[in-house]
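Okay, so we've got the same protein chain twice, two forms, each given alone as structure tokens, structure 1 and structure 2.
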Structure 1
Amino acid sequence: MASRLFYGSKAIVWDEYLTGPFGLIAQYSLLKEHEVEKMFTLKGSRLPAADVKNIIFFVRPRLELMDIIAENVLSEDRRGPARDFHILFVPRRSLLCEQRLKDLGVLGSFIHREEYSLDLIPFDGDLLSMESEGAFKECYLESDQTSLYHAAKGLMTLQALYGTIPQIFGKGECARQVANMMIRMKREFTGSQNSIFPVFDNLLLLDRNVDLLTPLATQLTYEGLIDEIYGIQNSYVKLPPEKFAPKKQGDGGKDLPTEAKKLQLNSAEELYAEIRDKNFNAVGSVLSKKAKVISAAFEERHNAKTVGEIKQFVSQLPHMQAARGSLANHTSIAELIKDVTTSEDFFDKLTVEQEFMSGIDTDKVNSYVEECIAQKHPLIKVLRLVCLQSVCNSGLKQKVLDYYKREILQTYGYEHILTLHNLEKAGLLKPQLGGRNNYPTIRKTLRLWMDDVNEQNPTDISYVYSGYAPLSVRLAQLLSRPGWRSIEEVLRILPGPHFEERQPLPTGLQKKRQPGENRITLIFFLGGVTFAEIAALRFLSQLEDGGTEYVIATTKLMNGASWIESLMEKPF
């Protein structure tokens, strides 16, 4: 723990973005044990008063944050007893940032300048994320491979803990680079032989730009829709409070809470674990069944006659009350989501998305998109739809593309020309080259569109988008069975190389699989992953005859809106 470096009482000044990820690995009680007495958010001007010996800044290596730190330090020196300053860069030190602190005249004030390498953060039993918000933009727009290096380092740490992964498969340019870095790091680290029995059988590295389509579509799982509508940040969601206010008789709705309701969402909650990955249309029936079970359990108290029976009922009470609270919360969330999904506009948008994904009218200007622009709907919504159309048509005809660009710039302002340029560079919104649309070939070969989807009792991963099977997950499914040789033609159409590497294991560590024992595949999404893709992979893990269980890692948990937003240039 970094706090062991500094003796005496401490105050931590947090870069606000880091508080969420750190909250998942270190509770305040743990920090208190290490003499952390105060915590502040990094803001300009003076630091709040705190009677401590050490002040530790936890920050990302960003130049604009260095200016704020300098302001804090300079205003500090002029009053009160001297305190020791320290700075911890997450995940790496930056010479550029240290130079900026030097130029501002405060570098000498820091006794320690260290880095805290926070590579992969556990979000759930089968989910790890680096939460690197700029990874996609850095890799595909700025040719900056820093996040790939951290992905490779994170994977090396995992191998040190859980054994060498015997086989590495990959698809995409970034995947190739991460695999190369891992091989190089292993070569440079030859001194010690990893003698841990391997937990994972395979590693699959997947570039986000191999499948640009999936995040653009609206996710239709319960967790996916919560994220689409309210945004899940570091496993927490903030919801409108009025749905969660306790209803009192004759209150007439006075004094409704104004503070957003904050809930943590993960599989530790029994009900959430059961419904998070279901299609939203299948959630209502689960909730009503649960309600009957819970009320029947509470009715049991009337049947408890003996002291022993009453004791047993009382011992189950805390669990039953937690289950009732959980049911009330998820019923409220489901009602909030239903208000959105039953609206006319949601239906219209979904219809257009599904037409694009099934290959209908992708080559001409879409009237619904025109309408959205004319009515000045949120720009991110419009960009998502236009990018989806472009991806489902292997790029748009120049005439159609120019029309969309002109309409967007005239309606939303010319400062967005930089954003359109970014989307083109990322391959999301581009002209069709060579006049060929490869999407139908990809769609048919990989069975990306399924007409008869069973949302209640799914038999295929396409249930997560009510018809569309995520391309990324279909690639993982086909790799596990029958193998990628069966889809060579499609792999050549998709961007970037595909490859396989073997990592030799010392004798005695090779796995002898028992009949019926599943393989475990670690799948790493470079550039981000959506909750719908995670749901689809969990569905494959749970199949009776699937043969493979998946653990998921990524550079960032994201959805279409947060992804497009990360590629938008802020107007000056």
Structure 2
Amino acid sequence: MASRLFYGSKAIVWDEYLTGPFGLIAQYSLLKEHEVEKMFTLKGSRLPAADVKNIIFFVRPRLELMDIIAENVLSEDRRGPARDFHILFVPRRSLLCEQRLKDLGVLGSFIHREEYSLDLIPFDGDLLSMESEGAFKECYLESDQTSLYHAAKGLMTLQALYGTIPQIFGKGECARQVANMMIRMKREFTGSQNSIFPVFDNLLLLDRNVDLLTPLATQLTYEGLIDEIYGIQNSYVKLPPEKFAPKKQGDGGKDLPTEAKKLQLNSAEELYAEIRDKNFNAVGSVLSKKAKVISAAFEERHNAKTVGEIKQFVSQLPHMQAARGSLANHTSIAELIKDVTTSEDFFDKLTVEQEFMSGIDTDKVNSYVEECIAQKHPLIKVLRLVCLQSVCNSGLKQKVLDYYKREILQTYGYEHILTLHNLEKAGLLKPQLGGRNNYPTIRKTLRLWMDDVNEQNPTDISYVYSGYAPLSVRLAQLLSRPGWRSIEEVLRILPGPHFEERQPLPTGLQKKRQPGENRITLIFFLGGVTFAEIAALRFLSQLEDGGTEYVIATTKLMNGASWIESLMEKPF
């Protein structure tokens, strides 16, 4: 941990955005062991008082943050005893920011200026994310490739640890750029020959704008729905507390908890690992089966007669109790979700989404969307639906588009015209050009709509959206078998170039695959990925004759709502 660098007591001043991701790699207790006595969030004017020797700023390299830091440092200098200031840039030191600090006259105050190259944060055994919220907007709206550069750096670090990846595939403009940067960076490291046996066989770089459709649809896996309804932040979710109140008799519900219940969700929890990627409709049966198993296990105690048997039973108790707690939590969550999914509005919305995705009536004004606007449903919901319709029709007819836009501006306010412009720039909302709708071709060739979905025992990735097979994942699936050559036509319709690069390996490191051994593909989503897509990839990894296992990396874990929100602009 970097805080080990500096001797003596210290206070850390956090760029607020970093606290979430850092929570995943270092707990407060660990920091305390390194004499971290105080933690603040970075704010203007002066720092709160703290009797420490060192003050460490943990920040992203952003100019506006430098201004705040300078303000902090200057007011601290006036206050009295000299402190040692340090600054840690995450993920990279920036000349621009240091220049700014110099201009503000505080650069000299920092004893250490270091970087903490946290590019890819591990979220699970098979999942890495940069948690860079603005990545999509920066790449596709502002042509700012900073996050692509960080992605490339992150991939170089991965290769340094897990060996050079012999084959790189990609689709999309950003993917091309990242691949170019990687090849360039590799040249910069010539000489330091990587002698690690490669873990990954392939890297697949995918632009989010190759598949704008998937995140717009409502995810229907368990984890996806938790995210859609409550929002998962850095693998934590905050839930309404009522359902989690401990049931005690005679309490009379006096002290119901008022604070949101915070739960961590990852595959370390056995039960969650089992149900997270299932279609929500298949979760109930698993939960009730588990309940039976656990209560049977507790019943075992009556059979324990001898001291030895009792001892054995007791030794299993902690594990059983943990399982029971976990089951109780997820039963409560499932109930909460069920309340939403059984509501009429959820059903209506889903029906419309599915109509759009299967290509029904995408070219005219949809009455449900109209009604949502008239009733002032949340704007994000409306935008998501309108964008979905636009994407499923390769753009809307000018008349339809203008009608929607006018309705939105009149109802939600003129200021949203900036948001609409952003959505148009990102290609989410657009007029149909040349009167041609390519979506049906894409849908049929890639089999994006599957009529026979088995939600309980899925046979195809389309189960994650109860019918719609995520385009991005289909591309990955087709790449591994039979290869992209079979879908050249569709690839040409989708935006951006598709390409293949080879990184030659020394003969000693070339892999000789055992028969039946799976290939491992690292798939990197540039611009974000949804939990449903992750679920679909995990499903492919687990297929017995699939032949490919996936490790997933992304710039941001997201869903349709957080995605649209990142593109919204509020001028006041």
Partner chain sequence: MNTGQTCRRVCSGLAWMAGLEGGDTGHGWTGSGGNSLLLPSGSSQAASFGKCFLDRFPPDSFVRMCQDLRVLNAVRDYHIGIPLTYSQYKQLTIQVLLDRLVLRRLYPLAIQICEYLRLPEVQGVSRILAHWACYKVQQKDVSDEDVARAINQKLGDTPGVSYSDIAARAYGCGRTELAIKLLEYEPRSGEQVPLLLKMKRSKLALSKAIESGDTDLVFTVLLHLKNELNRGDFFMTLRNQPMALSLYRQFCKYQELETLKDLYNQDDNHQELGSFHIRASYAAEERIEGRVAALQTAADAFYKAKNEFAAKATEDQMRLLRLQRRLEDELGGRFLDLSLHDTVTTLILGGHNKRAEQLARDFRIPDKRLWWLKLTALADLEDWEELEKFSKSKKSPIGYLPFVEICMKQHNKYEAKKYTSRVGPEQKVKALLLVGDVAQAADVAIEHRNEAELSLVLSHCTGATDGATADKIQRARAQAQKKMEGLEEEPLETLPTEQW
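We call the rigid core whatever largest set of C-alpha positions still superposes within 1.5 Å between the two forms. Residue numbering: sequential along structure 1, first residue numbered 1. All of these numbers come straight from a predicted model, not from anything done at the bench.
Only structure 1 of the pair represents the form predicted on its own. Put the two forms on the same core and the Cα of residue 370 is off by less than 2 Å between the two structures. Once both forms are fitted on their core, a CA shift of 2 Å or more is seen for residue 42 between the two structures.
Between-form comparison between the two structures treats the chain as two rigid units and finds the smaller unit turned 13° relative to the larger, from C-alpha superpositions. Superposing the rigid core and comparing between the two structures gives a CA shift of 3.5 Å at residue 113.
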